[in-house]
Structure formats: structure tokens, C-alpha cells
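The data below hold one chain only, encoded as C-alpha cells and taken in the form predicted alone.
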Amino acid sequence: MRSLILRMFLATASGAWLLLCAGPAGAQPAQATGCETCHRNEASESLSAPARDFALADVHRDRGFTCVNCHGGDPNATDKAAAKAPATGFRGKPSGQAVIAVCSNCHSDAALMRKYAPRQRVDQAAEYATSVHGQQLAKGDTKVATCVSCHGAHGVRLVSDAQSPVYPLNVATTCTKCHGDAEHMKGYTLNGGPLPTDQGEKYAKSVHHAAMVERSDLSAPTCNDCHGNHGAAPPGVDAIANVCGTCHTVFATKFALSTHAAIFERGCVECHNNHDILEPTDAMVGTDEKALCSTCHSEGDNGHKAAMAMRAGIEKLKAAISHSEEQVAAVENAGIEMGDEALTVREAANHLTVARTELHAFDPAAVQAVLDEGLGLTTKVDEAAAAAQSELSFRRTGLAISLAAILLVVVALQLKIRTLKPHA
């Protein structure tokens, strides 16, 4: 829920993130300057494309922002040399730290942003400096991402714009432009080895990606939800459970109280992975080949026994729920109302869900207590269904006897009528 609220906030406030320092509220789109006029006519695509993109759709231009706000220069000069003279403050194409300086010139100005976007944060540049990108840039690494790497330089769109590279559905694609490029990432390391470049491929297989792309759930996590955006950094092993717990609060609380919390070096990732997080199933628990518990536990140890017990209990309740559902359906199809019992079966299914949550505490007793409550509910349903079946059988027997009696009366009447007919 908090993730959804955050996205709603970004959708409404994102316009200010990169544009509201340009001019007063309600400012008219900027008119084409001499910079645009000249660049549009350039034969070089690298010089003409920025002018076209800026004129086509750009949040800065929509607020009256012009080329000189970022690049400096004199837009009224007709001579190139005069337009770019040092006295005009011409900066040309900023790169590296200069990009951060240009963007933060407005976006770190609290007074300016308070005037145009009072709710907007003004610490993006400071946060960026703490990120892996910012730290590498400070060391002179110009390959790392800066503001324009993610938001673009010309044709910058709102976060809420589906065509924006930082729109939730597009974030993974934007990040993998660098992180999925083996050549670009060459030389970067993680834990002593080459930094992987298959994160995008793995994320595409995850339950998070399925929720976002297939079910259009924009609250589902993507790269920046776990790694951050301006302060992007891989979560340390001691922070992974906290990162996952931002959304999966109950699971994180249970895990924190478990015996595994002090043993699992990578927290949640030990069982669920990080980028290729698959939809969890009951098959993950237990001791068979597909179960994860057997990865660490061997036959005979307490963990092995606990895994077997929890899995067996879950399967027992699942079978009981399935049986109860069949019984309720059969009775209802026969015409007897079983609405209350159907609700009870749903409540039993809720207990199954709670038991799966309790698994993260790795306490068989706690899991079994929830399962027993669920089994108690299915038992009541089965008893009610059996009583309804007995009632149904009684009704059918009574109906058969009634029909037989009526038939006998009809036959007797016919015989009597024949005896009363006059003889010819």
C-alpha cells in the first residue's frame, strides 16, 4: 500500500522534479530560440536531434525553460561565435559532474522549489553523491549514470508519462541499458568477481515483473524500489530483509524472530533469490528434491524433521479444504443452502495462507497451531455437509414412500371404480 501511495505521489509531483524551476506557475511553453532554429538545420543528427526532441515534448519547455538555462549562451545572437562567447556563460554540452551541477542548480534550491513545488525534495544531488554512481563519478569514472542517463536531456517527460524512461514499466529497460551491457560493465566487480549483467533477464522471469507487466500493477517493485534511484546502491546483506520487508512486512517480522535470521547471510535471498524471484509454492518447503529445506538440512536433523512436519500439515489442510469444497458443492447442487458452510471453507483457506506466513518463523508448533484451527473448521463443514446429506436422504426416502402410497391409492381407486361399473 505504501509503495502504491509513493507511486501516486510521484505521478502527481514528478513534474516539479525536473521542470518547475524554469518559470512561474502557468508559464507558457517557450518559443523557439535562435539555438533551436540553428540546430534544427544542422546536417549532423547529433546536433539536430536535441532541438527536435526538445520542441516535440519536454517538461522544461512546457514551463518556459529554454536552452540557455542549461547550456548558457546568447539565444538572440545570429553569429555562432557570438552566441557561444565566454561572456554569455556558454557551457556547451555538460558531462559528468557538470550534469549534476546544472540540474541541481534549480533542484537543490529550496527557496526556488518551495515557490513552485513545496512538497518536492531538494536533496537529490546530495543523495546521488552517496550512491554507487555518485561515488564512482567522484573518482573520475565518467561511464556511470548521471541525471540525463535515466531522465534524458532533451524531450524529458514526467515520471507519470508512459513514454518516460523512468515510468515504472520502463525502469528495468532503462537500468539494463547499462547494467545489461557486458561491454559497458566490463571492469566493474561485485564480491571479488565480475559484476553480473543478467539482472534484466532474471527480473523478466520474476513474480514482480509478472505483476507489473502482465497485471499492470504499477505498485509492484522494479529496480529502483529495491536499489533506490538517486541514491542507487545494492543493499548490503544485513539490509536485504529490511528492503524486502518494506513491502512484505509480516514475512520480515516473522523471519526476524526465527532461528534462521542469525544464520542466513543474505536473508530472504537465500530462499527466494533477488532478481529472479519466482512465485512461492508449497513445494519449496519439505525434504523432497524440489524443496529448498534439503539444501541445508540432511535427513535426521531437527530442521529436516521440522520441514517434513510443516509440509505434511499444509498438505493435510489443503486436502481437507478440497474435500470440504466438494461436499458443499454436492449438497448445494442437490438444492440445500450451504452459504454459511461455504464461508467457513473460505476461512479455512485463510488459515492456510496464515500458516504459509508462519513458515517464515520456522516454528513447526506455531504453524501447526494455525493448521489445526483450519482443520477444525473443515471438520465442522464436513459434519454439516453430512447432516445435510442425511436430511437429503431422509427427504428422498420420504418422497419415495409418499409416491408409493399415492400410487397404491390410485390403483385401489381404479379397481374400486371398475367394480362400480353397471353390467351390460
Partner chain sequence: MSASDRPSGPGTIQRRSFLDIVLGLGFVSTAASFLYPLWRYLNPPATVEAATNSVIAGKAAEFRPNSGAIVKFGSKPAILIRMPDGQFRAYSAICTHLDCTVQYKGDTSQIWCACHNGLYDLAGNNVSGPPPRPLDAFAVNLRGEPGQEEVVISRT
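Positions refer to the first chain, counted from 1. All values reported here derive from a predicted model rather than from experimental measurement.
One more form of this protein exists, namely the form predicted together with the partner chain; it is left out here, but the text below deals with it.
Asks: Could you spot which one of D109, D198, E347, E299 gets a heavy atom to within 4.5 Å of the partner chain in the model of the complex?
Replies: None of the other options qualify; the answer is E347.
Asks: May I ask you to choose, among D141, D238, D79, E337, the residue with a heavy atom within 4.5 Å of the partner chain in the model of the complex?
Replies: By the 4.5 Å criterion, the partner-contacting residue is E337.
Asks: If we define contact as a non-hydrogen atom of the residue within 4.5 angstroms of the partner, is F251 a contact of the partner chain in the model of the complex?
Replies: Judged by the heavy-atom cut-off of 4.5 Å, F251 is in contact with the partner chain in the model of the complex.
Asks: Does E325 reach the partner chain in the model of the complex, with heavy atoms at most 4.5 Å apart?
Replies: Looking in the model of the complex, residue contacts with the partner chain do not include E325, since no heavy atom lies within 4.5 Å.
Asks: Please check if C247 has a heavy atom lying within 4.5 Å of any heavy atom of the partner chain in the model of the complex.
Replies: The answer is yes: C247 has a heavy atom within 4.5 Å of the partner chain.
Asks: Give a yes or no for T357: in the model of the complex, does one of its heavy atoms lie within 4.5 Å of a heavy atom belonging to the partner chain?
Replies: Yes, T357 lies within 4.5 Å of the partner chain in the model of the complex.
Asks: 327-335, 91-99, 201-209, 128-136: which one contacts the partner chain in the model of the complex at 4.5 Å, heavy atom to heavy atom?
Replies: Looking at the other structure, the answer is 327-335.
Asks: Going through 385-410 from first to last, which residues have a non-hydrogen atom within 4.5 Å of the partner chain in the model of the complex?
Replies: Read in sequence order, the residues that approach the partner chain (within 4.5 Å, in the model of the complex) are L392, R395, R396, L399, L403.
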